[in-house]
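Quick setup: one chain, the form predicted alone, written in structure tokens, and binding and motion questions come after.
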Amino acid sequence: MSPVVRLLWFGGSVAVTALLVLLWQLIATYSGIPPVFLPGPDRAWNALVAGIGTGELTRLTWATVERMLYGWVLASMLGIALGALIGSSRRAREYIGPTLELVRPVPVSAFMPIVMAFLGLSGRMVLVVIAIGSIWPVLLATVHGVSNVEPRLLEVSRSLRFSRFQTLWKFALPNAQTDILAGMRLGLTVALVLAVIGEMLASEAGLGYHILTTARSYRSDQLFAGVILLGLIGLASNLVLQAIEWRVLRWRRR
């Protein structure tokens, strides 16, 4: 894609966002809905600037981002390791695959009471819930990528008399990079959602608990400021992973 086309796409996305913000402002101003329920973007922006100025929103944002990243890194490491082991063994896929497909559709909320029973309403509970929820995209993507290695690469591996670990490290995992990175991007989105939900349940400091308390006290401008920050976190994390993916996979474009 040429730079001009990319610039046009970027300009179009900015224009759509600006129109949505304008529509929000018009609805908040002329629909008759009280600001206590629907503040305009001007009120939300003022609350956002004020919260960052006092340092409160900055502290809460870092708490949520830290919790999200810890859970996501833990889930990614376990997902890649387990996925590589399962994907590299046909027997493991035959025996464990049905169990994975059985557990995968179960919502993370079903595991929350079990985790709470062992860890209580604590920060560790939130971290474990994030890891449980965000491991599945990485695990399943790794299994798929490792189990679909190019047959010619396997022939090269056998001709070089590579061990199973060498084949996995030199051929299978590089071949699965695209799938793994896509699973990690999806897992990071899940981690952010679960960090917010976990903070609400466990009353842990973060944007999730901030949104809950401001909603209960009808401080809608601060509520929307927290929601805007969550959207910015999601956007920034996705852009960072896209840049990493572009750099890691640049050898495929040669």
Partner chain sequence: MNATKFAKGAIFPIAALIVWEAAMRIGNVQSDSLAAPSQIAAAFYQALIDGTIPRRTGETLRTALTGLALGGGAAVIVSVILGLVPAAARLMQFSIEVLRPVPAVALIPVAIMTLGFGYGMGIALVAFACFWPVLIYGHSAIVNIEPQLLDVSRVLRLGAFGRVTKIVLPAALPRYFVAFRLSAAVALIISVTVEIAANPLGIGHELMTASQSLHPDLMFAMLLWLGLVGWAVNAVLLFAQRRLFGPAAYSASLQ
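Fair warning: this is a prediction, and the values are worked out from it, not measured in the lab. If you superpose the two forms and keep the largest set of C-alpha atoms that fall within 1.5 Å, you have the rigid core. Numbering follows the first chain given and starts at 1.
One more form of this protein exists, namely the form predicted together with the partner chain; it is left out here, but the text below deals with it.
Residues within 4.5 angstroms of the partner chain in the predicted complex, judged by any non-hydrogen atom, belong to 103-111 and to none of the other stretches in 151-159, 165-173, 69-77, 103-111. The three marked residues, I197, L201 and S220, each reach the partner chain in the predicted complex, with a heavy atom inside 4.5 Å.
A heavy atom within 4.5 Å of the partner chain in the predicted complex is found for one listed residue only; from L60, A28, L48, L212, this is L212. In the predicted complex, at least one heavy atom of L192 sits within 4.5 Å of the partner chain. Using a 4.5 angstroms threshold between heavy atoms, A205 stays clear of the partner chain in the predicted complex.
The closest non-hydrogen atom of M116 lies within 4.5 Å of the partner chain in the predicted complex. Although the partner is absent here, V227 lies within 4.5 Å of the partner chain in the predicted complex, judged by heavy atoms.
Interface residues of 3-26, taken as those with a heavy atom within 4.5 Å of the partner chain in the predicted complex (partner not displayed): W9, F10, G12, S13, V14, V16, T17, L20, in sequence order. In this overlay on the rigid core, S122 has a C-alpha that sits less than 2 Å away from its partner position between the shown form and the other one. Put the two forms on the same core and the Cα of V16 is off by 2 Å or more between the shown form and the other one. In comparison with the shown form, the Cα-Cα distance of L235 and W9 increases by at least 3 angstroms in the predicted complex. An increase of at least 3 Å in the separation of the C-alpha atoms of L186 and G11 is found in the predicted complex, compared with the displayed form.
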